[in-house]
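Shown next as structure tokens: one chain only, the form predicted on its own.
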């Protein structure tokens, strides 16, 4: 049951998101459907990763890697694009909205939202899981297993929020810094997959062929998701540049007598 904590968190987020969307609709404002679709897609990725048949076969290392790709990469990316904090800021009462903003602008959140912190937590957890005995320990202990899943999910959410999130964050890094962080994260992920393949890791991952299959799946699956993230970052830059250009063109026209 502890393994379902990320699913429970996602379910609570879905319920709050739906209530907030309805509240916004009653005010006469429409919340973008694409953002709601991203939330549903992210929730679906979490459900597929943590429920049968995937969860009932996660002792097979290639299946575990599928869990990793869904829970730690695909789902967080979709959830980051759903802009839950923006929706909360538009629907919460004033006092709660101010408290949320204070939390978002606090030094702790500022440090956690930094790309360097997010990359370190994400890659650090993966290297510790697959290059040490942690994976084998997690397979034999349900509490460690649940903690691994929770860290994988939360670290992935933090990284996606830092790279492609559209919620308001103080001192959000520019496109160059986010792309640099993405390149480092992708390179670290690919290097880990190669080490796992070459050294037939992790310990406790089953037959050597299964471990190498899982490493190959991690390499190619992770690369596909990283490319998608890069496309999203560049699309966000393109759209932001277009909006800035449109504003600059309107200003001279407004200044004319």
Partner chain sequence: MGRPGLAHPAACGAGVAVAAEMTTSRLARAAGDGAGKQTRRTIWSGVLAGLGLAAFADETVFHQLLHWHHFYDKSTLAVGLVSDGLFHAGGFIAMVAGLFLLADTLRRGGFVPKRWWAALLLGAGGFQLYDGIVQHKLLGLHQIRYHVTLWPYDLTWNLIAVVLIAAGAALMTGRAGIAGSAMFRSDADTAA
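Owing to the predicted nature of the structure, the values given are computational and were not obtained by experimental measurement. Positions refer to the first chain, counted from 1.
There is another form of this protein, the form predicted in complex with its partner chain, and it is not shown here; the text below is about that form.
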**Q.** Sole residue of 210, 36, 227, 51 within 4.5 Å of its partner chain in the model of the complex, by heavy atom
**A.** 227
Q: Let me know the one among 134, 157, 113, 186 whose heavy atoms come within 4.5 Å of its partner chain in the model of the complex, would you?
A: 186
(Q) To test your reading of this chain, name the stretch in 143-151, 177-185, 116-124, 102-110 whose heavy atoms come within 4.5 Å of its partner chain in the model of the complex. (A) 177-185
(Q) in the model of the complex, does residue 11 come within 4.5 Å of its partner chain, counting heavy atoms only? (A) no
Q. Counting only non-hydrogen atoms and a 4.5 angstroms cut-off, does residue 31 reach its partner chain in the model of the complex?
A. no
**Q.** residue 235, heavy atom within 4.5 angstroms of its partner chain in the model of the complex
**A.** yes
Q: Would you check, heavy atoms only and a 4.5 Å threshold, whether residue 57 touches its partner chain in the model of the complex?
A: no
Q) Looking at its partner chain in the model of the complex, is some heavy atom of each of 194, 242 and 245 within 4.5 Å of it? A) yes
